[in-house]
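Given as structure tokens, the chain that follows is alone and in the form predicted alone.
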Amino acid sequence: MSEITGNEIIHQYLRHNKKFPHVLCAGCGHGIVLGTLIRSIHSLGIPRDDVVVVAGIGCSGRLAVYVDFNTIHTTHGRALTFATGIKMANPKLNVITIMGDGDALSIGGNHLIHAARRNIGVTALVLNNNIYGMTGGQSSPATPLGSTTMTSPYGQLDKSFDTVELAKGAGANYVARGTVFHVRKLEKIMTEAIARPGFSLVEAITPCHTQYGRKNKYKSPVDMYKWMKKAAISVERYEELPEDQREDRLPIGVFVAKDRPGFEERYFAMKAEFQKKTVKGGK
């Protein structure tokens, strides 16, 4: 019997009644993230009925349409609030949110901070393509300083968020970053993130040539993947570099890996203890 291939794994998790090919532009890395997510869930042996994918609005939000899990397409910036409610209602479910950088860091930024602070047992995938892709190419909280967008034609004046540092500071249990060029590494950290208790965040750097790349002197999507290959460096090597050599380098890998119990675990433990004391006191 021949070994099942990666494509065959992905194929069995798709909703085949949906319209294909997908809506993503040529060169977009979001499909790579979706394939990585499917392979991660498959490798962990999680039944598809035990997975809930909660998506926000934007290009990344369309990914939930194609997968045969429990899926919810929510309002802009509110994916983590829906995910929190689902996890608290049924802690046994594996709840995964898919958000873009605008979705997660702008209108949803406060929800991201507090989901990390609570350490709710949800995996957050932030697909960072440096721009609002679907809505016309406006600058997002992740748009690099000086970049050209539809709303910053003379260069972005705001300094961009560092998603990893934001999640670390807010108290996430697991924080990692990967790129769609380094697929095996991204799959490894995504698998670890899903398996980890508490709140996990994975930032996936993915190119948007249509709205960002061609406005910023990338002649083709291939040039953007070449940039990821050149700029990315392991976090261990990055930390060894002197400050003056860190500019234009992108540290990838695992930044935080803790095993603290999630908010839902603490809540139900407290509830059980309270019920135990109530019954004992009633007797």
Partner chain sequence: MARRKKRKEIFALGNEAVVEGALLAGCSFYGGYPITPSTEIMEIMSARLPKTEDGVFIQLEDEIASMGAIIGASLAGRKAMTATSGPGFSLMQENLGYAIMAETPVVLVNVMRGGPSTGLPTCPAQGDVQQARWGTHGDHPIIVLSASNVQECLEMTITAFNMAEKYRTPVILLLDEVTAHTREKIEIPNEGEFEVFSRTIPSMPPEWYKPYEETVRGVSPMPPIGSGYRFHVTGLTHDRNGFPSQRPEEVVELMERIHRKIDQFFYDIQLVEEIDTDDADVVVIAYGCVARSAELAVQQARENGVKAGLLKLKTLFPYPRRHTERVLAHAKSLIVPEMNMGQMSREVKRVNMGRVPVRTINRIDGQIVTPSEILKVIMQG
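The shown structure was predicted, so the numbers you read here are calculated from the model rather than taken from an experiment. Residue numbers count along the first chain shown, from 1.
As for the form predicted together with the partner chain, it is not shown, yet the points below apply to it.
This chain appears without its partner; in the model of the complex, the one residue of Val65, Val235, Leu241, Val256 with a heavy atom within 4.5 Å of the partner chain is Val65. Of the candidate stretches 154-162, 135-143, 69-77, 97-105, only 69-77 contains residues with a heavy atom within 4.5 Å of the partner chain in the model of the complex.
Contact annotation: Asn130 falls outside 4.5 Å of the partner chain in the model of the complex, judged by heavy atom distances. Contact annotation: Met88 falls within 4.5 Å of the partner chain in the model of the complex, judged by heavy atom distances.
Contact check for Thr81: a non-hydrogen atom falls within 4.5 Å of the partner chain in the model of the complex.
Within this chain, Arg48 lines the site of the partner chain in the model of the complex, having a heavy atom no more than 4.5 Å away. Contact residues in stretch 106-127 (any heavy atom within 4.5 Å of the partner chain, taken in the model of the complex) are Asn110, His111, His114, Arg118.
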